[in-house]
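Below you'll find only one chain, the form predicted on its own, shown as structure tokens.
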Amino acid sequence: MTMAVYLALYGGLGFFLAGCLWRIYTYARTPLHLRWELYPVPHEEPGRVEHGGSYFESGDWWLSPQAVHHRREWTTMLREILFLRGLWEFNRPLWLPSFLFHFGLYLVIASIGLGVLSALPGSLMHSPASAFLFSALVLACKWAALVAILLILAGALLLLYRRIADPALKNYTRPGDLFNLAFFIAAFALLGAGLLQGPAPMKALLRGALHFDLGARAAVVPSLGIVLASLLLAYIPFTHMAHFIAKYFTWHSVRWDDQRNPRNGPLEHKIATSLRLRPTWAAPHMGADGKKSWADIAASNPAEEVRK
């Protein structure tokens, strides 16, 4: 069983990383988006951000270099990632279960990091201070993992309830959404049961996995929890749960994209390439039948053609 746990753990991590890289590659190669022109953009001058303006307000904006304030971008992203600020502002009833669920996931990442540090060889502890630090890491890892599991289970159960009981969410709920939440509940319930039996078996498996020690004892419940959690990890990038990657591109390549379009510049080249694409949209008013290019569609009046 120990070998199976190790293979599941490394296999799940490998599939997760490969899936994330595939997602990044896919999003990075998508055609140029249609600019949204939504303001304020966080990387604008602070004064303009306050009133929702942009550098295009300046009469000679093309004569001076564009100032980009990356610090404000990062603070905006951190507020959204850690505290789900957008959900708090626009869908507050859904904020609490989502916050519990996501913050639990962040604690899982923290507990894994603490677990890896606490699984380092004991020979590195040469002093009483080091031994104290080691004990503190073990204790912090245990409590971070327990709190994380409780938060994830609470958030997932509340989200599952909302998906089933809230009429407003029925149009947005598919069997896959319910399956994903049930998958999280099952995996973290098993992990929690394994931790409640005592952290020693879980710690032994993690330490054994770091050194690929086949002599480590694999208790049944912790092993099943690790295997199921590894399968979940491998599954996430290939579903819409990989929105944590899509969000980055949505922010930087769509919502916050205010780059200039100088003559013979890279953006002009991308636009020319996109205008040659032949879209196939179901909306009849677009006339996107796969034969017309974007240039043809943009130069015509689809509404007039529909009326004919």
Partner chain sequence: MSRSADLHDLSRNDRMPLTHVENEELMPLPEPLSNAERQHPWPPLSAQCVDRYECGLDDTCAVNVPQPKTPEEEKKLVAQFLSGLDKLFDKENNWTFLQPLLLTMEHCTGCQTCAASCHIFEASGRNELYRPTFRSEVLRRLYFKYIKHGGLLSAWQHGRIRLNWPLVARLVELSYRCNLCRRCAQSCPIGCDNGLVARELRKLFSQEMGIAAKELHEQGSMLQLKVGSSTGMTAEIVKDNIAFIDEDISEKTGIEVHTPWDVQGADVLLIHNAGEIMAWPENPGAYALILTMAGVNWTMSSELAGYDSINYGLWYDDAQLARVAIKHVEAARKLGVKRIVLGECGHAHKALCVTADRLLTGDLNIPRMSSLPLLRDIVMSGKIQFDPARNDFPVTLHDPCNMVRLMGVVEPQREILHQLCPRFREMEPHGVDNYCCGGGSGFAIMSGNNFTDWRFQVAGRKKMEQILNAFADCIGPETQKYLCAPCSNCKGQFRDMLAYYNLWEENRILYGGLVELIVNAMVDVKPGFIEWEWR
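Positions refer to the first chain, counted from 1. Whichever C-alpha set is largest while still superposing within 1.5 Å between the two forms counts as the rigid core. Note that this is a predicted model, so its numbers are computed, not measured.
Here the subject shifts to the form predicted in complex with its partner chain, a form of this protein not shown in this document.
- Site residues 19, 197 and 211 are none of them in contact with its partner chain in the predicted complex, judged by any heavy atom within 4.5 Å.
- Though the partner is left out of this view, residue 87 does reach within 4.5 Å of its partner chain in the predicted complex, counting heavy atoms only.
- The shortest heavy atom separation between residue 175 and its partner chain in the predicted complex is within 4.5 Å.
- For residue 51, a non-hydrogen atom is located within 4.5 Å of its partner chain in the predicted complex, even though that partner is not displayed.
- Not displayed here, its partner chain is approached by residue 30 to within 4.5 Å at the level of heavy atoms in the predicted complex.
- Distance criterion of 4.5 Å from any heavy atom to its partner chain in the predicted complex singles out 163 from the list 72, 217, 207, 163.
- Only one of 59, 65, 266, 46 comes within 4.5 Å of its partner chain in the predicted complex through a heavy atom, and that residue is 59.
- In the predicted complex, the residues of 36-51 lying within 4.5 Å of its partner chain by at least one heavy atom are, in order, 36, 37, 38, 39, 40, 51.
- Superposition on the rigid core between this form and the one not shown places the CA atom of residue 287 2 Å or more away from its counterpart.
- Note: residue 286-residue 240 Cα separation is 3 Å or more longer in the predicted complex than here.
- Relative to the shown form, the Cα atoms of residue 245 and residue 37 move together by 3 Å or more in the predicted complex.
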